[in-house]
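Before any questions on binding or motion, here is one chain by itself as structure tokens, the form predicted alone.
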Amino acid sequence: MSISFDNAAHFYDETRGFPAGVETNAAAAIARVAGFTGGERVLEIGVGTGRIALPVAPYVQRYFGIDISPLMMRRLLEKRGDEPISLVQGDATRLPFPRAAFEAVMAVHIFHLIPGWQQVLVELARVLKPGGCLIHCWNSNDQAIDIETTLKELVSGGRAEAVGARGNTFLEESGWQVGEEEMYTFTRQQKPIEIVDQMRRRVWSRTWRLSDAQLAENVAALQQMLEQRFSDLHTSIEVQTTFHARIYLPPKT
């Protein structure tokens, strides 16, 4: 079953959002690589609180978002102004849209949360118009440490987990054709102790199924790891992050 972010709705923007002003440049990068002209109908799966939808929507005619979490979408609606966004609660493995409905579909760091990601790709190809594209977006190096590898080691002991697709090769391996890519690099300040606090607050979905005792053990291990790497956990360091937006065309039939 796909992972719902209902319990993350109240802190998602604080912990996943762009630094002020960066969302504008990220949206412009998406619009450039997709070649938006203002007349497109676009669908985003896992639209969440609108981190991507709100800045991108002004570039298109209509922006549709689908998510299994009503609380995440409620936050989007609270922030929405006059952006042309329509929302649907639903599962990306069973999209409630007709065939050939969209010029583009968006997926932003979402496939790893969907065990049935293969069926999602079938659905995305179905709802794309001929010549339409998937815009796959992700951040690289968005914490002071490699948080994905660190969490895998701490929470799962390095064991493989039954989760959705990770990395960026699964689309090509599924027959999707790689197109152009835009990248936007930005910096922000982060104190290493903030990473410990995020673990303690169960910010990351990997921690949601841990018992309180397991969480406390992982928090202590994470802090020890960071103390070995950084001289002062309370001193800010500069984190350079790259936002990627890459085009994929559906498999030829």
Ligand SMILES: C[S@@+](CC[C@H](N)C(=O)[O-])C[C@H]1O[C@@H](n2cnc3c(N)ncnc32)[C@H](O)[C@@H]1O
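Heads up: residue numbers just count along the shown sequence, starting at 1. This structure is a prediction, so every number in the text was calculated from the model and none was measured.
Not pictured, yet referred to below: the form predicted together with the named molecule.
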{"query": "Contact residue in the predicted bound form, chosen from I30, M199, I68, A57 - any heavy atom within 4.5 Å of the named molecule", "finding": "I68"}
{"query": "Listed residue (I135, L154, I114, L171) with a non-hydrogen atom within 4.5 angstroms of the named molecule in the predicted bound form", "finding": "I114"}
{"query": "Distance check, V47 to the named molecule in the predicted bound form, heavy atom within 4.5 Å", "finding": "yes"}
{"query": "Any non-hydrogen atom of L87 within 4.5 angstroms of the named molecule in the predicted bound form", "finding": "no"}
{"query": "is_contact(Y248, the named molecule) in the predicted bound form, heavy atom dist at most 4.5 Å", "finding": "no"}
{"query": "Heavy atom of I52 within 4.5 Å of the named molecule in the predicted bound form", "finding": "yes"}
{"query": "Interface stretch in the predicted bound form with the named molecule - options 97 to 105, 171 to 179, 69 to 77, 127 to 135, non-hydrogen atom within 4.5 Å", "finding": "69 to 77"}
